[in-house]
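A single chain comes next, written as C-alpha cells; it is the form predicted on its own.
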C-alpha cells in the first residue's frame, strides 16, 4: 500500500493528535507528519477543512478531521488489525467509551494541564516546536504571550473552570483503573478503540515512555508539579501499561 498522497497534519504535542498517531501505528501505517504551531495553525488548517482543529488525515485527496473520524476511516480502509470489537455489543460499548472520552474527558484533561502549565513559555515552545530550527523555537517562545489568548479562547481556559477540569481528569483516571480490573482492558479481553482513546487522551497525566508523548527534560517547574500530582494513581499505571503493550 503506497503512502503517496497521505499525511497526518498535527500538533507535535497533543492528546487528541496522539490518538490519531496511535491508531495509524496500530494499523502499521508510518505516514509523513506535518507539524503546526498552535495559534498560527488556524488559517493553515482551514485551507484543508472547515474547522481549524487538528488532527487532519490527508488520504488520497480526502481530508478527515478529528481523531474519531480518522479511526473510523482507518477501520474501513484497513480493517486488520481491528480496533473495533467484532462482537456488536462490545463494539457499541467501545464506541460509547471513545465518545465519552472525546467529548467529556479529553478536553477537560487538556484544559487542566494548560491552566497549570502554560505560563512557562520556554517549555511550551519546546513542546510544540521541538524538532524545528532553533530560530523557529526561539521566535515561537517569544510570540507565546500573543498566542496564549488564542489558546485560551479555543480551549476555554479560564481559572473558574480549573476545579471542574481537575475533577474530570481524576474521574477519567478512576474510570480506567476500575473498569480495567477484570481483564486489563476497558471492553472485553482485547485492546480496542476504547483503550486507545482513553489511554491517549489521558496520556498527558502519565508521561508514557514513547517518543511521541515523552516530555523533554528538564521539565519546567509547573510541568513537574503536574506530573507529580498523578504519578501514583492506578489509572496512570494503566496508561503506561497500555503504552508498553500496544504502542
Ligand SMILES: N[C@@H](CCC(=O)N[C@@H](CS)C(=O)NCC(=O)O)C(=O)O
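None of these values were measured; they are calculated from a predicted model. Positions refer to the first chain, counted from 1.
One more form of this protein, predicted in complex with the named molecule, exists but is not displayed; see below.
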{"query": "Option from 21 to 29, 219 to 227, 232 to 240, 6 to 14 whose residues, in the predicted bound form, bring a heavy atom within 4.5 Å of the named molecule", "finding": "6 to 14"}
{"query": "The named molecule contact in the predicted bound form: residue 110, any heavy atom under 4.5 Å", "finding": "yes"}
{"query": "The named molecule contact in the predicted bound form: residue 196, any heavy atom under 4.5 Å", "finding": "no"}
{"query": "Close approach of residue 203 to the named molecule in the predicted bound form, 4.5 Å, heavy atom", "finding": "no"}
{"query": "Distance check, residue 52 to the named molecule in the predicted bound form, heavy atom within 4.5 Å", "finding": "yes"}
{"query": "Sole residue of 90, 102, 120, 170 within 4.5 Å of the named molecule in the predicted bound form, by heavy atom", "finding": "102"}
{"query": "In the predicted bound form: members of 27 to 43 within 4.5 Å of the named molecule, any heavy atom", "finding": "41"}
